[in-house]
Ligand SMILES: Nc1ncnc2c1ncn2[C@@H]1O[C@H](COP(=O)(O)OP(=O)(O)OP(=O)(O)O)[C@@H](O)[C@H]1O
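Here we start with a single chain on its own, the form predicted on its own, put down as structure tokens.
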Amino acid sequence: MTVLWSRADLEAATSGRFPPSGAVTIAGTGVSIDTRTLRPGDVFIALIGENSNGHAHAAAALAAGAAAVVAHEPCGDDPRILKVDDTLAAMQGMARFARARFAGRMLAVTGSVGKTSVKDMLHAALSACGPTHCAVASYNNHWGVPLTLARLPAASAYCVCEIGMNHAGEIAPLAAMVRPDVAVVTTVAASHLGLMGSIDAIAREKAELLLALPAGGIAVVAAGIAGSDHFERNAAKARATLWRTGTTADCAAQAGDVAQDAQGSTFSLTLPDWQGVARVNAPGRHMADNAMLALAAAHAAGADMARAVAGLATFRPGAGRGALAKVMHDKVALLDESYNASPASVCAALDLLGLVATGRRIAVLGDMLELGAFARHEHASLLPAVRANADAVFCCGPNMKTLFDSLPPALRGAWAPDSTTLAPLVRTALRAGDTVMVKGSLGSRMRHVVAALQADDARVGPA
């Protein structure tokens, strides 16, 4: 197994010190911030969160085989404990150290919706071309990005980082840490609108990623993206090249002949010095658009495109992000979109429901959060997409009641104040042949509904 962190490298990266007496060899093969998932050989970083203090688990980490513990509070006198001034700052130092020794191609993905799907598509495509490292989940914030980099093997050919935000000023420091060669912006939409104040402010923040590109770097941005002037201006400031993906003739990544079916999409794509046909096995036009962004970014990173196209074909949507499976003793099809939600992603999920359903189309929708004063308007704006793609609608949360009350009586399934209460109502209403789509913001806990539908017996409620 590859050693990521030696004693000397940990001290150099964090400005910390191991005890001088009883020195032991350190050979860290991974990095962990959670003893529940720690593997022998991991370097355990004792972070302090809102509801937890990793220092309380330092002894458990060592007992589980941690190669070292990074701590700033007293944790005993074990020679494997690295004392630092602050553990979050130490992990950021490890991230910068790992990035500095990485000689491969770095790609960064941001966007209001679709960034995790594009990150995962890139992982599938690039892994067919060489060793590829990327975040294991949506690790896109102030601890997720440095953790991803701290786990980066120096010998990887590619690394894909996901960068998120919900307040102004969050992208620039993360982008400076990642230092991408290729930047991808999927969308600018109303996610976090209540915290940011306007779509233009969201675009301005997303465009900060481009300023981290080196001269000659490439930014891949969807054509027609809101706030396009911010991306053009920042690409010029960075002396980077801007590629747009879309169907118009002026796009550097020009798509055409998109053939959709219930299993996915096949499309043609013309890129600078390459053209071909690709397949993504995830249904929905939004997934085809994400796949075009991913392939354009792979090409920008110098990937072998024949291999990248073959790799993309292995991509499958993850749990909560469009996975389609049979539930309730194989009588009902479940389209699981429960991980998160914004107005744009809910409309895309509703369109997907209309595409894949063969029987009744059932939409189960929870509140979209972080919309502030725009919440009622944004929830009500879903009405046309709901009417076009659903035969019955179940809603939970105070804001979704705005939508539910505006529905024609024939479309109203049930409304409940929360997902736990809604779950048994949905399950009871379903019948053989139905397709049910579940979506809502993470805080709406729509996984409770999914768990109820996935239960093997008549039990309902959260797992």
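Remember, it's a predicted structure, so these values are computed and weren't measured experimentally. The first residue of the shown sequence is 1; numbering continues from there.
The same protein also has a form predicted together with this ligand, omitted here; what follows describes it.
For the candidate spot formed by 107, 245 and 254, no residue has a non-hydrogen atom within 4.5 angstroms of this ligand in the predicted bound form. With this ligand left out of view, the stretch that reaches within 4.5 Å of it through heavy atoms in the predicted bound form is, among 177-185, 232-240, 261-269, 115-123, 115-123.
Checked against this ligand in the predicted bound form, the residues 90, 282, 348, 202 give one hit for a heavy atom within 4.5 Å, which is 348.
Put simply, of 389, 127, 156, 340 only one has a heavy atom within 4.5 Å of this ligand in the predicted bound form, and it is 340.
Taking the partner from the other structure, this ligand in the predicted bound form has no heavy atom within 4.5 Å of any heavy atom of residue 190. Looking at residue 148, you'd find every heavy atom of it more than 4.5 angstroms from this ligand in the predicted bound form. In the predicted bound form, this ligand lies farther than 4.5 Å from every heavy atom of residue 132.
Taking non-hydrogen atoms only, residue 321 approaches this ligand to within 4.5 angstroms in the predicted bound form. Contacts between 124-156 and this ligand, taken as any heavy atom within 4.5 Å in the predicted bound form, involve 138, 140.
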